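As a starting point, one isolated chain is supplied in structure tokens, in the form predicted on its own.
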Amino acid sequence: MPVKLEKLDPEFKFRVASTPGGENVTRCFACGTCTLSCPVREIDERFNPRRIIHMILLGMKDEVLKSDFIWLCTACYACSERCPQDVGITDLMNALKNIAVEEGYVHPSYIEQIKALSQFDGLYEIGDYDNKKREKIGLPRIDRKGAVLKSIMERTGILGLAQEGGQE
């Protein structure tokens, strides 16, 4: 896939480097140690830390921030432990996620989690059936109405982000 020069952002690498977690992005010399030790890479070809760093350094801002692959990191730190240049791939992925959210790009799975948390004060609703099962084994009922987390999310602006659905 050809890259158009006018779409590149030469300042992107500096923005990443100035974000906590992305400080060492320019140290990478593409040795591939991070890619070889990544368990996610074994499952999904799209997650290639070396390729992601290369895209950052080239200034491919939109391709990086709008992608699904920055959200795939499982934070196992295998790549960070083995990196000879101390790039800290896991922290770098968190920095990229933070920049993506600042730019209005949020992975749909996070939006659904925000919606669930605001509705149920948890990731899923606890209904009567679940509460009856809990009572049978001696556990207390859970009556979540979404009031606690919803008010926090409204005050921080997170709920507004979920209602907008993020940018495409």
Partner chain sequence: MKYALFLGCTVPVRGMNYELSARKVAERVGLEFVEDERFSCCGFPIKAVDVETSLLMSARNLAIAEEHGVHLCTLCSACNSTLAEANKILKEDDELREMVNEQLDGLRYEGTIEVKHFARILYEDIGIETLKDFITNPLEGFAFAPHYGCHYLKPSEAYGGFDDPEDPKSLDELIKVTGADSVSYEEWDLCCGGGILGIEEDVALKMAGKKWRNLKKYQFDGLITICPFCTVMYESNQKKVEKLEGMEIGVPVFYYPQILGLALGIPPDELGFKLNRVRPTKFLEKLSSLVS
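Basically, rigid core = biggest C-alpha set you can superpose within 1.5 Å across the two forms. Positions refer to the first chain, counted from 1. In this text, all values refer to a predicted model and were calculated from it rather than measured experimentally.
The following text describes the form predicted together with the partner chain, which does not appear among the structures shown.
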(message) Give me the residue from H54, K66, K133, R27 that has a heavy atom within 4.5 Å of the partner chain in the model of the complex.
(response) K133
(message) I have P20, P140 and T156 flagged as a candidate spot, so tell me whether each of them has a non-hydrogen atom within 4.5 Å of the partner chain in the model of the complex.
(response) yes
(request) Report yes if any heavy atom of K61 sits within 4.5 Å of a heavy atom of the partner chain in the model of the complex; otherwise report no. (result) no
(message) Please determine whether H107 contacts the partner chain in the model of the complex, using a 4.5 Å cut-off between heavy atoms.
(response) yes
(message) Can you tell me whether D44 touches the partner chain? I mean in the model of the complex, with a 4.5 angstroms heavy atom cut-off.
(response) yes
(message) Residue-level contact is defined here as any heavy atom of the residue lying within 4.5 Å of the partner chain in the model of the complex; does V16 satisfy this criterion?
(response) no
(message) Just to make sure I understand: among 58-93, which residues lie within 4.5 Å of the partner chain in the model of the complex, judging by heavy atoms?
(response) W71, L72, C73, T74, A75, C76, Y77, A78, E81, R82, D91
(request) Answer yes if the Cα of E154 shifts by 2 angstroms or more between the shown form and the other one on a rigid-core superposition, and no otherwise. (result) yes
(message) Taking 2 Å as the cut-off, check whether the CA of T26 shifts that much or more between the shown form and the other one after a rigid core fit.
(response) no
